[in-house]
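Just one chain is shown here, as structure tokens, and it is the form predicted on its own.
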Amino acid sequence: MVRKNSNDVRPGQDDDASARRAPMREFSRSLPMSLLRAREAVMRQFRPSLRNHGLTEQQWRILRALTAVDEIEVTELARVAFLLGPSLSRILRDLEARALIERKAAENDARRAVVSISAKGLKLIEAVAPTSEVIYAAITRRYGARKLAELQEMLGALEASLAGMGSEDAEVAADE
């Protein structure tokens, strides 16, 4: 039997479901899951357009990141695009084979590579952008411009407040 929430189990009730319950908030109410569900709801709107242009979400993320810079080292691109190195390497190979990006050795260290978006990559961005903006407008109408701006501000504040949170905070919590 699947239980929907903790109210379904009475204190002292001895069954397998209550024995499996972790001493933490409901899975569906965890912050990471809420953020993942919201991300999925947003990306569901964009995926068809990306597919129509032969792009994956990760490829689009890289191309969008490259439009913000003249060129960038691969390790920095992995950081700003939130991709692991091996995944990024594979995606960059695909984008380079399609002539959407250009890759060269870094001037100060030939072992490091820098990438930039190519003219063909910029043309693809220009082709996808109108549909992307229509989707953004639809999301804004549906959710509300003020609420969307507040959400983006709150997410930025959450990210900033957690940026300094690290091993010291975990050690303090463990000591308490």
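Don't overthink the numbering: it's just position in the shown sequence, from 1. Treat the numbers as computed from the prediction; the structure is a model and nothing was measured.
Not pictured, yet referred to below: the form predicted in complex with the DNA.
Contact annotation: of the candidates 70, 40, 126, 133, the single residue with a non-hydrogen atom within 4.5 angstroms of the DNA in the predicted bound form is 40. Among 56, 49, 34, 116, the residue placing a heavy atom within 4.5 Å of the DNA in the predicted bound form is 56.
Using a 4.5 Å cutoff between non-hydrogen atoms, residue 28 does not count as a contact of the DNA in the predicted bound form.
Although the partner is absent here, residue 146 lies well away from the DNA in the predicted bound form, with no heavy atom inside 4.5 Å.
Shown alone here, residue 90 lies within 4.5 Å of the DNA in the predicted bound form, counting heavy atoms only. When contacts are judged by a 4.5 Å heavy atom cut-off, residue 111 counts as touching the DNA in the predicted bound form.
Contacts to the DNA in the predicted bound form (heavy atom within 4.5 Å) from stretch 63 to 81: 73, 74, 75.
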